[in-house]
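Quick setup: one chain, the form predicted on its own, written in structure tokens, and binding and motion questions come after.
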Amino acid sequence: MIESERQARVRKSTSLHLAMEAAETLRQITEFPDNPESMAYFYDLYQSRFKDGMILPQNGKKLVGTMCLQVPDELIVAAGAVPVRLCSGAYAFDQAGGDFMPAKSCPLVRATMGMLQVNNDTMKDNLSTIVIPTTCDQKRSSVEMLRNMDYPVTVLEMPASKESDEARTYWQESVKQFALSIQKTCGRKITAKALNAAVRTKLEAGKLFRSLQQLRTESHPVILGKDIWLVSNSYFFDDPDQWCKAVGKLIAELDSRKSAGFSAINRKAPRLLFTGSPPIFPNLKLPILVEQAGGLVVADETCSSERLLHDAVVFDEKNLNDMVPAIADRYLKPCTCPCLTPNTDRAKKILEMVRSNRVEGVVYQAFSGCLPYEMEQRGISDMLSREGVPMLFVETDYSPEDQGQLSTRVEAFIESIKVRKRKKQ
């Protein structure tokens, strides 16, 4: 009883801090001038989701937690369940995770584990399983920790490379085994009809997201990057049909803005690409600072936004033997995660995005303890230097304590780009 009371106090305190953290992030976002009216749906969505702590969807269906975008959620939907991305951006949960996680662990993993620990007595009864792909050592190591918390865990084996036929075959088999496992977990057979419907739903979401991305990259953008991250992050947990409807309404408003010649920011604002460790609400600290300082994030190469919905599943026949391998290909072939070795596709993609979006500078975020991104950044920096594009490398975590220092560095970086532009004129 004493332990239950203590757990309840911890959950209440953490929920209060989470609500305050979310409210502060929303305050900073909504204080920007000329926010699209259609963004009110997303502002309200986050307000309601985080005001009482972490709230899981309540729709009578089984819930399947996921801890990476490499999980083929079409298979989860086809099995009659609802996928919920559990990756947390909350400093409140990061602090809770710090009680039992190593101090040098990645804040994203630490916050996610803290969330699952604080809400253990409620979440473990609502999640049918938590799917963890072996994309990073820390997530892989969290499997046993979660099982010790009595969470059911499904491991999705990810190859260390995608360059060989053997790696692709390995992943194909992993996805097939995952399909069989999720059927058993959810108690429902995956049919070709159900899987095709799930694929079509995500294809529609992807189509809308690509249209939104295009409006972001215009010569005179009609929406800021801070809103793009809210929209993409909400796909983690929002109802897909409601999400598509809200994004469609937002696109219609932005198209009207574009026709009217509206620009969301000074047209001479430096055009920036954001990459590295993923910004996840409410930790949008660095993207917000960039745009508060007068920069414009016109594109990103992150797994919490651009990578989430950009690529499509392509198949010829509507049968399981064709669709399941096609889904597997969709999650491996375009993957640019630095967990893969070699990872030349990521460098190529960043360079292509820099060129196609007329990017004038790159902001590279690496969470303290996120070794794949920390180790990769020098190679990316050298590549961009050869292209004549400056890069700001920022090592940070979820704490708000470094905002002043980060703000100074971001402002100096943006000013340096402005100086470069003036010298070229």
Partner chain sequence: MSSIRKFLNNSDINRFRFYFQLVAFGLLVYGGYLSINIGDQLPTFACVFDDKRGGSCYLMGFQHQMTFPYARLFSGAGIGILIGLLTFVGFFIIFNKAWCGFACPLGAIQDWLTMLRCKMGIYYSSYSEPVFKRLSTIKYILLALLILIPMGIGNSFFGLPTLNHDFGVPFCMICPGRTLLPLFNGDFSQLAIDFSSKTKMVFSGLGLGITGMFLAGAFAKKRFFCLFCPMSALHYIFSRASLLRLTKDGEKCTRCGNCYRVCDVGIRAIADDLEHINIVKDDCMMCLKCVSACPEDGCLKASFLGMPVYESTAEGFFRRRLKEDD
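Source: prediction; values computed, not measured. Residue numbers count along the first chain shown, from 1.
One more form of this protein, predicted in complex with its partner chain, exists but is not displayed; see below.
- Residue contact check for residue 312: one or more of its heavy atoms lie within 4.5 Å of its partner chain in the model of the complex.
- By the criterion of a heavy atom within 4.5 Å, residue 152 is excluded from the residues contacting its partner chain in the model of the complex.
- At the 4.5 Å threshold, heavy atoms of residue 316 reach its partner chain in the model of the complex.
- Its partner chain in the model of the complex is not approached by residue 144, whose heavy atoms all lie more than 4.5 angstroms from it.
- Partner proximity in the model of the complex, defined as non-hydrogen atoms within 4.5 angstroms of its partner chain, places exactly one of 158-166, 252-260, 136-144, 232-240 at the interface: 158-166.
- In the model of the complex, every residue of the candidate spot (200, 320 and 345) has a heavy atom lying within 4.5 Å of its partner chain.
- Think of it this way: in the model of the complex, its partner chain has a heavy atom of just one of 325, 80, 98, 248 within 4.5 Å, and the residue is 325.
- For the options 218, 121, 173, 352, the residue carrying a heavy atom within 4.5 angstroms of its partner chain in the model of the complex is 352.
- Residues 196, 200, 203, 204, 206, 207, 210 of 189-218 are found to place at least one heavy atom within 4.5 Å of its partner chain in the model of the complex.
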